[in-house]
Every structure is written in C-alpha cells, then in structure tokens.
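Listed next as structure tokens is one chain, alone, in the form predicted on its own.
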C-alpha cells in the first residue's frame, strides 16, 4: 500500500499532545490523518488533515470514525473497545490490537496478566469496590501501607493514592480497584518496546524517572538511566517478555521498579507513545513517534540508540493557577545550550496539568542534569498576566 502523498488515511483516536507529536511525523512523510477528540480545543486540531469532534468512549462515534480510515491507532487507552473490535472484524486494521488494549485498559486485568505469565510485579489484591478495603484491613487480609489504584480510567497521577492509614481511604471513588503492596524501590525505570506488524522488535535504552512527591507525575526522564549494566539488561529482557506475551503492535512503554536488591518489577504499561520517550525527539536516531508510525504501517523499524544524553523535564501547571496560560521566563531557558521546549497547545492551565516539556541534550550527562535543574527552577507555567 502506498502511504505517502496518497489517499491512504491514518485515523488517530485522541487529540492530545501525544497525537500532536505523532502528527509532526505524519506531516514529515505526507501521510493523511483524521483525528477524533471530545474537545474542540484539542492540540491535534490544527495539525491533522481532518478533525472530528466525538466522545472516545461512545460506541457509535468511534465506529463511524473508524469506518472512514485505513489504519486506526490511539494516543490514549480510554476508548470504546467494543467499537474497535467490530471494526477489526470488518477488516479495519486497528493497532494496538483490541485484545492488547483489553488487557491493559483495566489495571486489575493487567496485573493478573503479569502473574499469569510469570512477569515479576508487586503483590496486589483486587477489589470490586473501594468500600470492601476497610473490612479486608480489619480482617488482617490487607496490610497498611499500600497503593490504591482505580482499575479503570486512571492516568497522570489520577486514580492513584498511597494509603498509609484508614482515613486516607476517605474521598476515594467507590470503584473496582487494586491495593498494591508498597515497594521500597531505588529507581523507577522504563523501557519502550517497538513491534511492527511483521514481528520486528526493537527496544529503546532504559530510562530513569524522577517523580514529583505529591502529584505522582514524572518530573525528569533521564536517558540513559544511571544504573548498572546488568540491571539495565534485566529491565530490557523483562520489557521484551511483556511485549512478546501481550502481542502488541506499535509502541509499548513498560514502567518498572528497581528494588533495593536490584530486582525488576513491572509497575504498568502504556500501549502508545509515552512521556518516558519524549527525550527521543532530540536525543535519538529515531524518535518514538516516528517509530510508532513505522510499526503500525509495517515499515522497517528505525535505529533506537541515542545520539547524545537526553533529559526531559515536564512543564506542568503551577499550583494556585487556573486560567489562560502564561509561560514565564521562556527566553531565559532558550539562552541555555541544548534546551528545546515543546508547548502542547493547551490554552488553559490548572495545577499539575501537563502543558509541555523541555528536552536538554548534552554529551555529558552530569551537565545535562544540571541544566535540567536550572530549567525546572526557571520556567513557570502560570496565569500571571503581568509578564
């Protein structure tokens, strides 16, 4: 099939920043795109060939959208899977496959998949409702502290809470959930695995993630991870095993814990381009968004090595600011060497909302980390109109 400068149409469900960065690559190759999102202000709106307003969880909206494209992909997991399944049965190529998405979309199902396939993960208990947890604690079935996770629709720090005492359960939604044992870890790591429709597989280098203590969001992604080679090797092997067992097509970001005694436990996965791979736009031979396009179109996968050390800093809305966004001190960070900001196109900021990211590249990792710190301390995402 001719993909380039032709009538071929790639459909993307979700019009956020991941889709926007995917569209950099489709435009580079002149691949026609059609995007659906529920927000008329979606970042993808200006960059796609066609933009459709629609609810990603609505069967009819997703089905009718999918009937008008040749290949359908996602930039967010929370989409109507029954519609995708029907499209697959009718011959539309859907990547990642619906079967993979069914496993991943529900965190309880995802965790059971790991235990069933011999993939190391933190011990957990599954609950039909949050309200059942208190009884389990009283009966000695569950020990404090633990991490509460909503089984569905949690992302970017939403739907996750550390429960240290009974009172912490107050205010949590009464939904299907898991209670996961707290792991004393040294590092949070991630490996992105790419698999194309022909079965070719490649992994990106292991990255290290530093999290914001309160927002449960990644603050820094560091590539390569500052870990021992044997640990990196183990992380790569486990990520490949997850990919092999899930039979995904496209990208799979595998997030992992490195324990105090250097065991690797899988935390969770995302079947799409991921925050942990944004550094690749500036630092890699083939960035993750181009790689995703290559994979779902059955094209040869690109080289995943880094050209240079890369650190990514998330730009999130400052606390206490909701409204029209202002990026303070942008000129100051642009003076720094090796610094590239990416602004996602969201006009309204709110506390901890992902508004953009900044990549810092340098041959010297220590220097890149130092500049990343300066960037973090300099740029502010506010609503301060006096700037």
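Numbering follows the first chain given and starts at 1. All values derive from a computational prediction rather than experimental measurement.
Beyond the structure shown, there is the form predicted together with another copy of the chain, which is absent from this document and is the topic of what follows.
S.K.: Heavy atoms within 4.5 Å of another copy of the chain in the predicted complex: which stretch in 242 to 250, 82 to 90, 107 to 115, 280 to 288 meets that?
M.R.: That would be 280 to 288.
S.K.: Which of these residues, 323, 341, 68, 54, gets a heavy atom within 4.5 Å of another copy of the chain in the predicted complex?
M.R.: Residue within 4.5 Å of the partner: 341.
S.K.: Given that another copy of the chain is left out here, which of 166, 76, 175, 299 has a heavy atom within 4.5 Å of it in the predicted complex?
M.R.: In short, 299.
S.K.: 46, 294 and 335: each with a heavy atom within 4.5 Å of another copy of the chain in the predicted complex?
M.R.: Checked in the predicted complex: all three residues contact another copy of the chain.
S.K.: My question is simply whether residue 377 lines the interface with another copy of the chain in the predicted complex - judged by any non-hydrogen atom within 4.5 Å.
M.R.: Taking the distances in the predicted complex, the answer for residue 377 is no, it never comes within 4.5 Å of another copy of the chain.
S.K.: Is residue 201 part of the interface with another copy of the chain in the predicted complex - any heavy atom within 4.5 Å?
M.R.: Close contact is absent here: in the predicted complex, residue 201 is far from another copy of the chain, nothing within 4.5 Å, heavy atoms only.
S.K.: Look up in the predicted complex whether residue 361 has a non-hydrogen atom within 4.5 angstroms of another copy of the chain, and give yes or no.
M.R.: Although another copy of the chain is absent here, residue 361 would touch it in the predicted complex, with heavy atoms inside 4.5 Å.
S.K.: Answer for residue 186 alone: is it within 4.5 Å of another copy of the chain in the predicted complex, judged on heavy atom distances?
M.R.: Residue 186: no contact with another copy of the chain in the predicted complex.
S.K.: With the partner left out here, which residues of 16 to 42 have a non-hydrogen atom within 4.5 Å of another copy of the chain in the predicted complex?
M.R.: Contacts from 16 to 42: 20, 24, 27, 28, 29, 30, 32.
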